[in-house]
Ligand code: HEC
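Here's a solo chain for you in structure tokens, the form predicted alone.
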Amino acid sequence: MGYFSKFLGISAALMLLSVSVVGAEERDPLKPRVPVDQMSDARANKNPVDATPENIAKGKALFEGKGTCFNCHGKNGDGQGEAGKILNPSPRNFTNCKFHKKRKDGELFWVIKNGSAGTGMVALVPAAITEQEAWTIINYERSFCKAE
């Protein structure tokens, strides 16, 4: 087999591999995304924004607007936004109540502020939203869990 044939074979295999992982399921939704050496501080970080109906409504407006969260996480918070459909792993599914029971607000804030290595989640604070807005969005994300 000549060099060009090997190149085409490898290219075809890589394309097939890339197609097979597009839109893959979220890998272990309960796995933390905060580095171990920062977990204690993240978990101790408390949400300064009360989860009032008014603040949850503000969080929704930010999630669907300035924060652009819906692009990946979907308007229903299920990880099925248009941009999220091509990510591997898929974005967090905020309708998963087991996820909400396992993760503290400070961990969610850490991911919004710092991004999440190995995923499509990028750092949004301060590039797109303020810290206060991130906390407000977290309250809205929590509202996707309808008690099991």
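Keep in mind it's a predicted model, so treat the numbers as computed, not measured. Position 1 is the first residue in the sequence shown; the rest follow in order.
This protein has a second form, the form predicted in complex with heme C, left out of what is shown; the following refers to that one.
Peer 1: Wondering, does Thr119 line up within 4.5 Å of heme C in the model of the complex on heavy atoms?
Peer 2: Result yes; Thr119 sits at the interface with heme C in the model of the complex.
Peer 1: Report yes if any heavy atom of Arg43 sits within 4.5 Å of a heavy atom of heme C in the model of the complex; otherwise report no.
Peer 2: Taking the distances in the model of the complex, the answer for Arg43 is no, it never comes within 4.5 Å of heme C.
Peer 1: Is there a heavy atom of Pro89 no more than 4.5 Å from a heavy atom of heme C in the model of the complex?
Peer 2: Flag for Pro89 set to yes.
Peer 1: Is Lys58 part of the interface with heme C in the model of the complex - any heavy atom within 4.5 Å?
Peer 2: No, Lys58 is distant from the partner.
Peer 1: In sequence order, which positions of 59-78 have a non-hydrogen atom within 4.5 Å of heme C in the model of the complex?
Peer 2: Result: Gly67, Thr68, Cys69, Cys72, His73.
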